[in-house]
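So this first bit is one chain, no partners, the form predicted alone, shown in structure tokens.
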Amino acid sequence: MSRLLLLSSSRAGTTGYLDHARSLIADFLEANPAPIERVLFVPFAGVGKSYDAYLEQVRPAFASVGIEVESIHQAPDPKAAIHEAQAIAVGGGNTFALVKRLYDADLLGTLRECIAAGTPYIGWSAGSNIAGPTLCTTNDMPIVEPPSFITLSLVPFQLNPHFLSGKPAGHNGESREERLAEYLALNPEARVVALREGTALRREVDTLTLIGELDGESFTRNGQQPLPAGSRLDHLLARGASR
């Protein structure tokens, strides 16, 4: 039953916060069988700002498409808020902080249950990363230690948002491709879908589409393959589709 909009980033190029995503969010929410007027926001990935400040940063993008935003950190009963949510949005920031806070509040199972039952889910950056089975392919520094790397498994493959190919001039560390190859060397049955900034995955139950003007990339132990912009990727939803 899952309906997902997984954005690589909150910005594309020099655009403002979620500006590039407003039409994608509007189309996604308008396509829901039941009308959506409110979204429950999860700000737990935010580290350099308060949850209140993060909420106010997110609200204008949703308000521009007629959607009110409430935050889980202000809910008297967070689990009840998830069960009652018309849609859920999880923002970017630090993935380790996000996952630890979700575990600390015992909310991962509730989120997984409600999204699987049909509650629409929007994530960007860290919020997209946790839609996969684990956080292992995040780009973030492990500034805190969650009790587990296991996340939501809303799709059967790993996600790598903010994908940037190659190395900047003068950079002598590993490229993103090399980092993902290291992951696959130790997790050979996995697949990683890498999303460039400004792109997104949209899942409508059994269909999956890459949205945006740039190609994505698929990494498995057998190598790297481009995912053409606008392509249907339904086959990636099959469990064990790692080859």
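Residue numbers here begin at 1 and follow the sequence given. Owing to the predicted nature of the structure, the values given are computational and were not obtained by experimental measurement.
One more form of this protein should be noted, the form predicted together with another copy of the chain, which is absent from this view; the next part is about it.
S.K.: Decide yes or no: are R3, A81 and D106 jointly within 4.5 Å of another copy of the chain in the predicted complex, with each residue judged by its heavy atoms?
M.R.: Not one of the three qualifies.
S.K.: Look at the stretches 56-64, 26-34, 173-181, 206-214 and give the one with heavy atoms within 4.5 Å of another copy of the chain in the predicted complex.
M.R.: So the stretch in question is 173-181.
S.K.: So, P142 and another copy of the chain: in the predicted complex, are they within 4.5 Å at any heavy atom pair?
M.R.: Yes.
S.K.: Using a 4.5 angstroms cut-off on non-hydrogen atoms, would P133 count as touching another copy of the chain in the predicted complex?
M.R.: No - in the predicted complex, heavy atoms of P133 and another copy of the chain never come within 4.5 Å of each other.
S.K.: Please run the contact check for S218 against another copy of the chain in the predicted complex: heavy atoms, 4.5 angstroms, yes or no?
M.R.: Outside the cut-off, so no.
S.K.: Considering only heavy atoms, tell me if G118 and another copy of the chain come within 4.5 Å of each other in the predicted complex.
M.R.: Close contact is absent here: in the predicted complex, G118 is far from another copy of the chain, nothing within 4.5 Å, heavy atoms only.
S.K.: Looking at another copy of the chain in the predicted complex, which residues in 1-30 have at least one heavy atom within 4.5 Å of it?
M.R.: Heavy-atom contacts to another copy of the chain in the predicted complex: R11, A12, G13.
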